[in-house]
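Same chain, two versions here, written out as structure tokens and called structure 1 and structure 2.
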Structure 1
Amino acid sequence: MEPRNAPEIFLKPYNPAEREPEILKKWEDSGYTNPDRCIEDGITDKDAETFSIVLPPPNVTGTLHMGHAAMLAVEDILVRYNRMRGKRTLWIPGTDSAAIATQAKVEDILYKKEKKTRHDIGRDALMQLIEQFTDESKATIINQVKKMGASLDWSRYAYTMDEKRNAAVSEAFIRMYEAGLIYRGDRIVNWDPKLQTTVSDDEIERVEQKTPFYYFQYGPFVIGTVRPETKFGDKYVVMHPADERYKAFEHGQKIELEWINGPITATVIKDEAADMEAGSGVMTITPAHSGIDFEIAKRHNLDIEQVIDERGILLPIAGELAGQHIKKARPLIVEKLKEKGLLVKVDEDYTNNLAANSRGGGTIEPQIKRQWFIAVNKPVKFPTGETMTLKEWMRRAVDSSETKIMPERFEKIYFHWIDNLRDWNISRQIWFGHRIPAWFKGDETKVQVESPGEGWVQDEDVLDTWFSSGLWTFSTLGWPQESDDLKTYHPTTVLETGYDILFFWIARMVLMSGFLRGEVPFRHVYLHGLVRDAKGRKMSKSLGNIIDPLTMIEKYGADATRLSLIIGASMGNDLKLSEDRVRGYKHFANKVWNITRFVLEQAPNAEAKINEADQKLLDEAHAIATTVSGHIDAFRLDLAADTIYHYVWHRFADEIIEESKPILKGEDAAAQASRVAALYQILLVFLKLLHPFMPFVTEAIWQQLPQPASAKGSGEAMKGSDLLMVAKWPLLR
């Protein structure tokens, strides 16, 4: 090849803002994020091993935050690495409707602009507003994902509310209903009075707060509560059967006592749910507004009376306080009991964990509601021919290592959650979401997609977002049809997400894939930690410590932003991030740029013979490739990134290049040619190793390398393209 000096582009410092858009366009124009295109162009063998992953779909309500950025960085590294290893690599993109949060946001906008509620404009009009909002939000989030360099196959883009996913959701519901797994019944649920909908157990956020704890005299007993407003219906006093303090009282015994609205007859209930260590060891129960109390009432066939309505208003059982909101009524109830001499004491420093809707709603008020549930303890026949419960399947999937959770310590948390899993409430009383395919006519119910005929009315409720998200690994591959994609790429190779979503989503996907497909949804679960500020605090608007990934990309480039989220970020552990850290990796991108300029200024000759000493340097680079590959295969991306970072900066730049300068200035032409050729070959190796971690700067450099060496890569590049994104991974030693 004809020698030449470094291209003029290297005379200026590397400018991410200038280079990244043009590189992104090259990748998009190539179509090589689509494995089918790679096969067509001879880049990937049609019989190659597969690597598949689905993107945890970002909510359409928000914008890219550092948690998303960390997720995208990890997944893109895995995808680019496996694509360069010659695998049929598929990364499916998508967005999530985030139904509760999205509807709440649109309703807030509607009220601020027009002072109207959803009931003022009706279901159809609200759906139109939501569609406009989500279309704009989807475009925003997709553009932001692309800026991170995420090499997703956009030709397979999915949205949880699109037509194909809607068909999959209806099919799943009908199959599970016909199998007896889905039923409709009256159960205690988490009710959000603000959004007027049920909320799943997993979406409850415990907010720590100081709350007065009241002690009241209840006949011969002292009971404690933070919620006096629920006590109007308390006519059962529960104690542990083994509590020696109350052995004189018998189960079912009647006791006459004075209470909030006058004399009542209370019944003694002996039940092991009573905590002998808590307070006096005695408690009264409000079965209509507490999950634990409801279960006790069901066990003993007790009366269940509603005290608070869906809006948080006291019902007629409250007597003179009926019609009052519970917040206003609470001090009045306490005062009333005090006047009766029934207030024993008040602990003003009591710390209480208030249950709130994490999806932007209000304080949770448990209510008994008629809802749709998935039975997790009912034996059912699976596609494998085996009969077991959903809980048994979910445990076996991980216990058998068909799905491996990493880090391993999270398996214990997973099993604990499965063991305590209750029937899953899947219906929501909002308008945005997958409408439940159930129809009512009098006392009749039919579950099907289309209306059964005249007089039939469809259920107004929609399905829990996690129901549709639970189908994500296979609904995005064409299910319920047995598509080529489904046969080729499912189960997926890895599911990567934050450890905080282990129960929300991962367990749901294992459940759904097991019953509907008879297989696990993914072979590995890679859990990344949370991204915190430099002091280890959670990023929040109130603390003013949010680091915006888009701002970091604008200032320092996507490569620096990505690397700052990988090095030092081991699986399952939180990462402390600062702007200085991101800035530091921008210096590394500049270093790689300058190293390339130095090597190309030596006019490398691809035909030069490499001597034994220089071959050892090249062998060392390939040994580094083996180490980096091993770390990535073990999902230790932090160690892989750290290894290549230190090799490039400290070994190649600080030592090998410095040691090369006397040779390059010497009189031995053969030694010079050999060393330059070796430096160039090492440059090719480390550009490939760095590419999954820093795709933009490495691709920008690759495009400037002299031909044909960049295309051939000394026999190490895949045929069919001069793009680094599909270059062959370095030879391993």
Structure 2
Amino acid sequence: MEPRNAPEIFLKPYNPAEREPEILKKWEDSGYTNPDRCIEDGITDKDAETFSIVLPPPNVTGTLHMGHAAMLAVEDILVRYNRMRGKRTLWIPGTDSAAIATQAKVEDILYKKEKKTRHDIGRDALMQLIEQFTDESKATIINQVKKMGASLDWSRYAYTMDEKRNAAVSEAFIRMYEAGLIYRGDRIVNWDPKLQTTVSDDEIERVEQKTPFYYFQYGPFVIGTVRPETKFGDKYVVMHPADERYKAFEHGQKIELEWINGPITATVIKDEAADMEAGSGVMTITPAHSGIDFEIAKRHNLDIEQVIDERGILLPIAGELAGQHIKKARPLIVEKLKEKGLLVKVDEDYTNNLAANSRGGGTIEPQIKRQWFIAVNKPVKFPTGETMTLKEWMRRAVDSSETKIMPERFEKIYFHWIDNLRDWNISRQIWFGHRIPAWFKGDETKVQVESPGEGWVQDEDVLDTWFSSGLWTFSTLGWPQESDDLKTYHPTTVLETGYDILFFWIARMVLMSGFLRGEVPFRHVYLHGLVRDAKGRKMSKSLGNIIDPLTMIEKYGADATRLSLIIGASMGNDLKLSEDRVRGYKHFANKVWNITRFVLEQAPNAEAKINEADQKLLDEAHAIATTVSGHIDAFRLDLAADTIYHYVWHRFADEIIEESKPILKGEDAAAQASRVAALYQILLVFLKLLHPFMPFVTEAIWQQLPQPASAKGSGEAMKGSDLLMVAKWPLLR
């Protein structure tokens, strides 16, 4: 058969690297990622149902990795699908300052280049360096996000540290302070001696490790510990009131005994926090460096003495070991106790979970510090008029299904987290971040944005980065102004992110949106899994198993990269990715390209009448549209993509086209015309179905289709544009 109609471009295989930039430009020039523009041009109905997503803002420190790529693919599929279905669709882009990580990185660069620390150059100079760094990084990551084909509305771009977001953060802090939700207090917090800042409970990572477990003679008792270096100040010995073994001892009883630096007087404390099952059932406490000990000390009004300073150095209470770092001091203390005959035994095979700062910091040292907290158990009045605690609100939002977490098992994990939640420490002792709008003068405190006047000094601390992230769904829409965007698009429809930040972010957004707006931040939470290598290992530099999305895009195209991250990736489960997978989907893009070539090579007949057999084929295509739509509506993108993939390749190409060949070569002109028309119409249907998943190749093909836009798909094209991106989704059967 002679090629008759197919444009020349189809004679060569599909070349994504060549096509993608021009397609990207067409989309950008159209402005149709902005729903306002779609309404202006009559593509979307003003009163249409809305569909909104905020992009989880990538950190400005990083470059695009496969996790981002997976996130962008999922969200873009949802966005393109809903836009094509005629919904008023908004997807807001943004970037995140990632305070601690960014500052640490810039400090690192500063030290490597000039051997200077932040204290050498001062706060202002450091902030300037950070600004320079983040400006560059922002441009890089934005450019990379675009290459994935993400149809974000860049006219609404937000940065967590820009002016509008700063204003939102201050407003939120002040409102919460005035409601009594935010308070300042001396409490035991997680101190990172390396980064010199506190971190929240959720940022702590437990690392299992083998540590010797020491048993010491403490007067008449045997006590156990993995941290001998904290034991200098121990002058209280605690046991359970119901412990029969120690009923001879009374609460408050004084006992003289020999300890590390000589004789001391210990006091017996009976408290139910002591676990009778653990070790000897007796423990000494270090209230300044342990959460549970601190609670006990407060209950019984005991002395609290700091033993270790902010850098991990022993204080004068340690006697001759004062000034030593705890790491070096530990063996010396053990040695000293051994000499005194107080070392009972050592269990070398003990494993315990060491608390470390998951944000690249050091080993956590509990310290008592004056910090800002959000009270999660305090009843307050919500904008809805109800009075409840933040915990209760967070529980109800999900319990009532106002927000639905998918996959559902994460709802249980969420509830479990809420049950264990304690007041949230929101102040950080770093320089980069949102300054706390609090001012001090002597004993007075004022919470407001501007300085109250002469002699007032602003709090040096900045806010936990998740404080501002918690506002993200509505700070990006104009809050605290009651803007049109806010009224139209909030609560957002979907929040899609990795399950690893369920608590950090999702829960904090529910909290903030609840108290500040009296509504949930989103209707659905879609949690995707982590992208791992083909063997299921985490991708990491040290393993050398990183698959770079930008390399994949260059080699195989953004479409293939997207599909490789969608098919076979069921919700909430980790995905094993290999370069072979990506290559496989490049073949699919080329298959679609060639199918188009075949269909276009047939001469269409304007008078063609579709016969009964061919109508069945059309019906079948529309039935596929129904199936695909149903899967997307249920957020089963893996099944949706698999369905359309299978239909296009193994039904349309392998069967329908093959069966068509005899008809097209045959003598029956009517049958021939009918089949040509049917093939063309089915092509239009599946290009649309495929578009959310593979936007580039489908748009590239769409642009080559011979008929004018208005006629494409028998009047199913939307008004105003010949872009597939805003074409109307096929009819469902």
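Only the largest set of C-alpha atoms that superpose within 1.5 Å between the two forms is called the rigid core. For residue numbers, the reference is structure 1: its sequence is counted from 1. Owing to the predicted nature of the structure, the values given are computational and were not obtained by experimental measurement.
Trainee: Tell me which of the two, 1 or 2, is the form predicted together with the RNA.
Mentor: That would be structure 2.
Trainee: Since one rigid part pivots against the other between the two structures, find the hinge residue among Phe588, Gly185, Glu320, Val106.
Mentor: Domain boundary, by the fit switch, is at Gly185.
Trainee: Can you work out the angle, in degrees, by which the smaller rigid part turns relative to the larger one between the two structures?
Mentor: Comparing the two forms, the minor rigid body swings through 5 degrees.
Trainee: Rigid core superposed, Val344 Cα shift between the two structures in Å?
Mentor: So the C-alpha of Val344 has moved 2.8 Å between the two structures.
Trainee: Core superposed, what is the CA shift for Ala606 between the two structures, in angstrom?
Mentor: After core superposition, the C-alpha of Ala606 moves 4.7 Å between the two structures.
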